[in-house]
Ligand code: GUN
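So this first bit is one chain, no partners, the form predicted alone, shown in structure tokens.
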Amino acid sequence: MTDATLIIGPVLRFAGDPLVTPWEDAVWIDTEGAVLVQGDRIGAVGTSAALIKAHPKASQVRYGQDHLICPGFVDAHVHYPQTAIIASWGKRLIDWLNTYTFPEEMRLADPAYAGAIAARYLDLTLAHGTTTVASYCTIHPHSVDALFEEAHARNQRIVAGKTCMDRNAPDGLCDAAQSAYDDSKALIDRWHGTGRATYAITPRFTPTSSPEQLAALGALWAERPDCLMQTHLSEQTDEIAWVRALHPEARDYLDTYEAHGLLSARGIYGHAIHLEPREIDRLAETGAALVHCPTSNTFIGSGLFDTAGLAARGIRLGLATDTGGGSSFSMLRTMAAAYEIGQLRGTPLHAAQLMWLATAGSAHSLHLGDKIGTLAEGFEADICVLNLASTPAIAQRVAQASDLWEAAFATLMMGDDRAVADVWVAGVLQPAARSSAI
């Protein structure tokens, strides 16, 4: 095929989930590897010698042994409307929402501003090698349109939904049970399954959605079970106390969702730090996914996510920046924070496990694991190439590394957007990428 491209260099490969099987059996780096891109798909993955022989007319992009060809990063829980307030100082969750988040989200009542923030957000994340995000929007339907439109213009895979709130929020950010249902249904009809778009029904969290609104959104999900549902769960202890006060009849926080039809295998629950045993049991039984947001959890003092313990229960796990409660747009920085939290829990993650979480793990949590997150034949060609010697500090560490995993780990701990050599979205090399191909 004339549009075929061979991307040649060390390739990150997955054969399983390194959180539940030994990482050495699940993940490896093929130092003589190559990825064949044909149109918007991966045509083949294998050794460079074999693929060059099989596809002699394909154009070639070559990288040295100080690079790593990876799936594009998948950020499983973000708030694109908070782009402009990222890294705002010093508040616990509820104060942070009232001081920074809600005032900024009210600004997205202006469609032009919503469009500008959506474009800015996607540009920033693409520069960090992130090719798929799952985002909360605001209560304004046009904020959802803005993100889907900008993603469509980039042919980028996107998960998003209108954030629904009808209590304990400013009047300018409150809808109602019926309007949340109506707006969400109209947006599903407009966007879900269009191009690379997936709709996620999105109650922000129990404190800002009345039982009536939760029930309305549960009814909508029952009507459209092909959609995802995203919300927050057990992020901070004072949040949990607030939920208990609002819902004394509930067995626990998760029960406030389950009672209204908002718990199933296609549910995605952000944070989930302070879980009760019953909640863990129900999440495992239903096949729901949890998303680890480590920079956010440390930045606003939420707590330490139990990656190892939850993975041992067979629960789907993703990884996320949680823009803008999280303090970085970078999944590299997010992996570093996940490692640090694992250390504090006595269960540090290997580089192979971190890379899985940031790619295939997050893709599986979004029920997109058969499309993205892995470099394999037939998958969508979303690819990130990392420069493992992107700065003098990292390069001098790599010079002492005993193998590629040790070299890659230095980039996960110290890398930023300078480590992103190139990014392909649906088989198209992004023009803003800084190529370091040889």
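Residue positions are given as counts along the sequence shown, with the first one as 1. The structure presented is a predicted model; accordingly, all values stated were derived computationally and were not measured.
Only in words, not in the display: the form predicted together with guanine (GUN), which the text now covers.
- For the marked spot (Arg196, His364 and Phe379), a heavy atom within 4.5 Å of guanine (GUN) in the predicted complex is absent from each of the three residues.
- Note on contacts: among Gln82, Thr256, Ser327, Gln353, the single residue with a heavy atom within 4.5 Å of guanine (GUN) in the predicted complex is Gln82.
- Only one of the listed residues (Leu97, Ile188, Leu108, Ala169) places a non-hydrogen atom within 4.5 angstroms of guanine (GUN) in the predicted complex, and that residue is Leu97.
- In the predicted complex, at least one heavy atom of Phe205 sits within 4.5 Å of guanine (GUN).
- Under a 4.5 angstroms non-hydrogen atom cutoff, guanine (GUN) in the predicted complex has His232 among its neighbouring residues.
- At the 4.5 Å threshold, heavy atoms of His271 reach guanine (GUN) in the predicted complex.
- In the predicted complex, no heavy atom of Ser135 sits within 4.5 Å of guanine (GUN).
- Only one of 244-252, 89-97, 220-228, 119-127 places residue heavy atoms within 4.5 angstroms of guanine (GUN) in the predicted complex, namely 89-97.
- Residues of 314-339 that come within 4.5 Å of guanine (GUN) in the predicted complex, judged by any heavy atom, reduce to Asp322 alone.
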